[in-house]
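Take a look at this one chain, the form predicted alone, written out in C-alpha cells.
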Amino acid sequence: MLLSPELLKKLAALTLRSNKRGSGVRVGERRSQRRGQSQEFADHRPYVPGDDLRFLDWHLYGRLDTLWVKLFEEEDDRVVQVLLDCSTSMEGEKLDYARQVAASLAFVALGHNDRVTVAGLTDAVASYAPPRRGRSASNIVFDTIEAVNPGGKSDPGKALASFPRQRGTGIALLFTDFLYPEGPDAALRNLVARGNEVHAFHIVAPAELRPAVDGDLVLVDAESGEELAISVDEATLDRYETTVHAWAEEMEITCRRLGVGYTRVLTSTPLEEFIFKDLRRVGVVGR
C-alpha cells in the first residue's frame, strides 16, 4: 500500500495550490479565465435585453440609475499531470519515495475535482493513464503510480515530445533525479510551453551526496553501462561532494530561470514532514 489510511485522512484537509489561472474544460473548484455564474464576483457590464434579471446589481442601479449585470468567475477543473522519471537511475529508494509523494499530491488533487493523469518517463512515455477525477478514482490512480517501474535511459525531453497534450491547462508535477545526459532544459521548456504551471521535485538519495566507498573501484553507469576505474579516498569524496552540491544548485537555478518551481528532497526525509511542513512552506500545498 502506497499510503496509509491515517495519512489519507490528513491529506484530505489539504489543497494543491496554483499561482495562475487556467482554462479547464469542466466545472470544478478553480477560477478560470472565462466569466460564468459561480459565487466569485469578477466585474460588471451594461444590461442588454435578454440578460438574466437575477444578476442585475440593484445597489448600483440605485446610485447610477443605470442597469448593470454582475459577472462572476466561472470555475473550472485543472488537469494535474503526475510525471514520474522511471529511468534506471531512479531505481530503488528514489522511485519509491517519488511514488509516495506523487500519490499524496494526486489524492489531494482528486479531492478538489481536478483531473489527474499519470505518466512514467524514460526516453519515451513508458506508461500512461488518462485523466481521472474524483476521490472514487484514487485506487486506480494509486495502482497506476505503483505500476510505474524503472528501466531505460533518461531523456524526458524526448519522452514529452510524444506525451499527449491535455485539454485545458493545469499543473505538471515532475518527479526526477535530474540525471539527464543532455540536461533538463528541453523537458522543462516543453512542459512550460504547454501552458502548465510546472513544479519539479528533485529526488536525491543520501548516498548520492557522499557515497560510503573507499579504495580502488570500477564504477558502472546504470543506464549506459559505461565503466570508469577510480581510486577513492577522503580527498576524492570531498571533491565529489562539492561537485554534487554545485550541480544540484545548478538544477535549481535552471528551473527558476525557466519559471519552474523547484523542491529538492532527500529520500531520508519522513514523508509526512516533507508534505505537511516543507511543501506547505514553499506553497505547493495549503489548507
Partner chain sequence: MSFLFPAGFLLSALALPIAAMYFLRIRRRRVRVPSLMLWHAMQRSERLASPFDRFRKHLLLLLQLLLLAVLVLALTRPYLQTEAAAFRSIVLVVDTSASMGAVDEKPTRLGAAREKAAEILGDLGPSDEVMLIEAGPRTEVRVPFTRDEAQVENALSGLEVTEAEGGLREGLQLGLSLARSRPDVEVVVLSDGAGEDLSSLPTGGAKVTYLRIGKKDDNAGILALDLRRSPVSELDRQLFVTVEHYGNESVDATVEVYLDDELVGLRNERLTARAPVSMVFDVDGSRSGVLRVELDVPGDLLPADDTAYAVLGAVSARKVVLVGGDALTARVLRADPRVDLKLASPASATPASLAGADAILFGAAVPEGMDGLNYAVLSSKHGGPAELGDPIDLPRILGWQRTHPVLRFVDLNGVTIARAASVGNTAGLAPIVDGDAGPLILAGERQGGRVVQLAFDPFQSDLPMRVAWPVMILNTVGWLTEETAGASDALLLPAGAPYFRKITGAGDNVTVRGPKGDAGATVSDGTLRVVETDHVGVYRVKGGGVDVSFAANLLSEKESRIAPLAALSLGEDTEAAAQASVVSGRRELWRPLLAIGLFLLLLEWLAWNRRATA
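Predicted model, so just to flag it, every value in this text is computed and none were measured. Positions refer to the first chain, counted from 1.
Keep in mind that the form predicted in complex with its partner chain is not shown, yet the notes after this line are about it.
- Within this chain, Ser89 lines the site of its partner chain in the predicted complex, having a heavy atom no more than 4.5 Å away.
- Though the partner is left out of this view, Tyr47 does not reach within 4.5 Å of its partner chain in the predicted complex, counting heavy atoms only.
- With a 4.5 Å cutoff on heavy atoms, Gly195 does not count as touching its partner chain in the predicted complex; it lies far away.
- At a distance threshold of 4.5 angstroms between non-hydrogen atoms, Leu179 is in contact with its partner chain in the predicted complex.
- Three-residue candidate spot Ala229, Glu234 and Tyr240; every residue lies within 4.5 angstroms of its partner chain in the predicted complex by at least one non-hydrogen atom.
- A heavy atom within 4.5 Å of its partner chain in the predicted complex is found for exactly one of Val213, Ala161, Ile140, Ala147: Val213.
- Heavy atoms within 4.5 Å of its partner chain in the predicted complex are found in exactly one of 129-137, 78-86, 107-115, 203-211, that being 203-211.
- Shown without its partner, the chain has Glu208, Pro211, Val213, Asp214, Asp216, Leu217, Val218, Leu219, Val220, Asp221, Ala222, Glu223 in segment 208-224 as residues with a non-hydrogen atom within 4.5 angstroms of its partner chain in the predicted complex.
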